[in-house]
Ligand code: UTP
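Below sits a lone chain in structure tokens, taken as the form predicted alone.
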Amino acid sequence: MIKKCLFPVAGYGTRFLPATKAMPKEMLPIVDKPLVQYGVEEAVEAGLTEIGFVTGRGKRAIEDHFDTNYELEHQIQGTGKEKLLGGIRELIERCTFSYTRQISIHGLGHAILTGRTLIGDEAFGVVLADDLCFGEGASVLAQMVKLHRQFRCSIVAIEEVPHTETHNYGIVVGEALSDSLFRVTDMVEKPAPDRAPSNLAIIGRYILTPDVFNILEQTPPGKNGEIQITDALLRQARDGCVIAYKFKGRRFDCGTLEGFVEATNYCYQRFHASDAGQRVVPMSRGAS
């Protein structure tokens, strides 16, 4: 049973400067909640309550967010504003939070390897908070956990992207098992559009088996001189099995200004527009 979820959050967020000069990009708010809280809620809905963060310099606000603020809570105790903390209080009560620091940034693969001390020898989820996902029925991560129970291998979430955008993603090729499932046969990190083998792009949701750590240790720097998780996953695919899954739901690329604004408008309309933002939306209690 998967219990742990890793959040690599050490990146600088340079596309959002100057907003991210002193604030972690993962703490940028989508209406009234920071991006990273949406990701943790998704993990909890999938039954993953042991949350690990791979952080870096300037990321202390993430630790503070998932902790009790006694001064603030004392000031608003007994007022109508107290209910606004209901969601984050529930997360703090249900989860354990662990942190380790990525001293130098050498790609997503390196960040995941840095988190090994928080995970140990068990399968685990990975959430990139930049990708804000809303699943149909169950959360995207919950859908993937269910697939892992069936296949017992690493699972990556994918979606079709325009061919002109393949250079922004890891791209997969695979043997179709159904309309939404592919057994991966090849992966390419950020190929130019004229060299992309498909338009099936990996997005920021993974279920990884623990052997990925040993593979990452042996993986040389790849694209841009970084240790790429796609290189390690390709090794897993060739030695065993990796499943790519076209998830049911919607994803917003909040690593871009356009995606961030689109996500903000979507969340306002979906959760807040009917009562001008006064309604508190409870966190769902999905599969565990």
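Residue positions are given as counts along the sequence shown, with the first one as 1. This one's a predicted model, so the numbers in the text were calculated from it and none came from an experiment.
Form predicted in complex with ligand UTP: not shown, discussed below.
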Q) ligand UTP isn't shown here, but in the model of the complex, which of 191-199, 125-133, 75-83, 171-179 has heavy atoms within 4.5 Å of it? A) 125-133
Q. Would residue 15 count as touching ligand UTP in the model of the complex under a 4.5 Å heavy atom rule?
A. yes
Q. Residue 42: heavy atom within 4.5 Å of ligand UTP in the model of the complex?
A. no
Q. Can residue 108 be called a contact residue for ligand UTP in the model of the complex at 4.5 Å between heavy atoms?
A. yes
Q. Is residue 209 close enough to ligand UTP in the model of the complex to count, meaning some heavy atom within 4.5 Å?
A. no
Q: Let me know which residues along 1-40 have a heavy atom within 4.5 Å of ligand UTP in the model of the complex, or say none if there are none.
A: 8, 9, 10, 11, 12, 13, 14, 15, 25, 26
